[in-house]
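A lone chain, given as structure tokens: the form predicted alone.
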């Protein structure tokens, strides 16, 4: 309680309904003493005066006798007058004390009847002697309701021992400790009170009664509980958040170290392509979808027979779904499967979760179908920290995504080693970008009609101190992390400057061209056309000499989005090529509508066309299709003279591959250009 409440409590202690009668009895005793003393003095004076009439006081009536008698009478009269004055003075003193007591009694009435806090007076047995009107305002009980009940009757049974202990301490020490407890409201609900007791002692110093001041702190406690709840629960789904989940997981991990037969598992659930849903339907719809996912997962966990089934001695039982399901953030959810019999149970629960998420969700009147990738980590691990287990589940989840999505993967030590290797690779990639370790290699593109080099494809190579890193080892990671964007930005600048230098050194008609790949991450950038436009402006390259290659799956993906981006790029004046054609899911009707100039046949068809008739037929169909659509064809992977002759027979315009040259730096390519037009024979030694 605050300082004003302590002052009010002191006033109540001094002016309680029991303290005031004690003071009144003291005043009454003082009055009786005063009037008794007055009567005794009056009788003594009267007796003294009357004694002059007694026979033995009869002397001769000479002048001295009467003189002495008069002096005696005057003296007695003076004493009576002084006594009367003293009596009147004492009377006024008593009246003043009565007025003070009346004022204090009135003050007590004002405090007790108008105070928001409840004031009670109880005897040593806990019987109610007085309850302020606030009891009825706060708890609904009238004075009549409380008259025949003990002060402990409405206290919650679990809290009574603490209240009794505090009351006993107040009786022994005179001042009780502040105590919080629950008390029953007349409507059947429970309220929380904060209480302080003070003792009233008798003349012997014994505690006869207790004055108790109670404050209703129910709303404050609810606010505190809400703050605690919000600190450990997700504001959107109301599920436990990362902090609470890690706390429960740490408890389970500690328990597994103490009990060898105690097992648990962690499931990390990530919604596949949730960003697409967010971008297409909006963040409000995305939030609504997350809420519905949380509800389905909750129901799924509640039905899981492997959840919350304590079987290990010493494990405290907890209600189903308590702390087992949580939202870590974004579209990631976690489930703690507590006390499982076998790790395979975690896989079964994961499959059930995926089945629960399969039916469409209704979001803003629209059906939304989702899938989820799930990573599983079990307690059969040497880890001692909860964060490490979540990391393992996260690694397994990402493996599930990389291997096709909508599936689950169980973490193993090999995953951890690969994850550490990948993390190291990501770190090294960032350092390499800062330190300028990326080099541009070039592979020539040759005209199959003239045998001359007509252009080059620019390729990134990572030149580390210990050697060149193969593209397959770092390009996928660079693409996933987004580092491919600054890497390719650097490649475009250098490649455009280089082809302009070759054009000046080796003039041709038409001039040499430069091809470069546009990755999925770059294609998704809204400012892609603007970035390439800046490169053209900075280098001064003729846009017609720039060939941008986009893989088939990207170009034929989202019709509206890809068509818009391709149109923006085409507006720059560059040529567009569909890369790796034949490996995707091209629609012939869409192929006619997109603004591309060239098809590049994937190397997988070219490499086997001399030994596989089916591949040769596929290549023939692609070349015929492209020519019918007015497109040129470039064949990748031409490694033998047989490949080149077959492509010439099929009227393929251009080719690139190891038969002409492996990718190499600008010096090697300059030498190759200088040796043209005998490029085919000169390239064999490169």
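Numbering follows the first chain given and starts at 1. Note that the coordinates shown come from a computational prediction; the quantities given were computed from them, not determined experimentally.
Although it is not shown, the form predicted in complex with a small molecule is what the next lines describe.
Judged against the small molecule in the predicted complex with a 4.5 angstroms heavy atom cut-off, the residues 460, 549 and 607 are in contact without exception. Heavy atoms within 4.5 Å of the small molecule in the predicted complex are found in one stretch of 484-492, 533-541, 289-297, 249-257, which is 484-492. Not displayed here, the small molecule is approached by residue 580 to within 4.5 Å at the level of heavy atoms in the predicted complex. Using a 4.5 Å cutoff between non-hydrogen atoms, residue 617 does not count as a contact of the small molecule in the predicted complex.
Remark: residue 638 counts among the residues lining the small molecule in the predicted complex, judged by a heavy atom distance of 4.5 Å or less.
Under a 4.5 angstroms non-hydrogen atom cutoff, the small molecule in the predicted complex lacks residue 394 among its neighbouring residues. Exactly one listed residue, out of 603, 209, 185, 407, brings a non-hydrogen atom to within 4.5 Å of the small molecule in the predicted complex: 603. The listed set 216, 356, 331, 522 contains one residue whose heavy atoms approach the small molecule in the predicted complex to within 4.5 Å, identified as 522.
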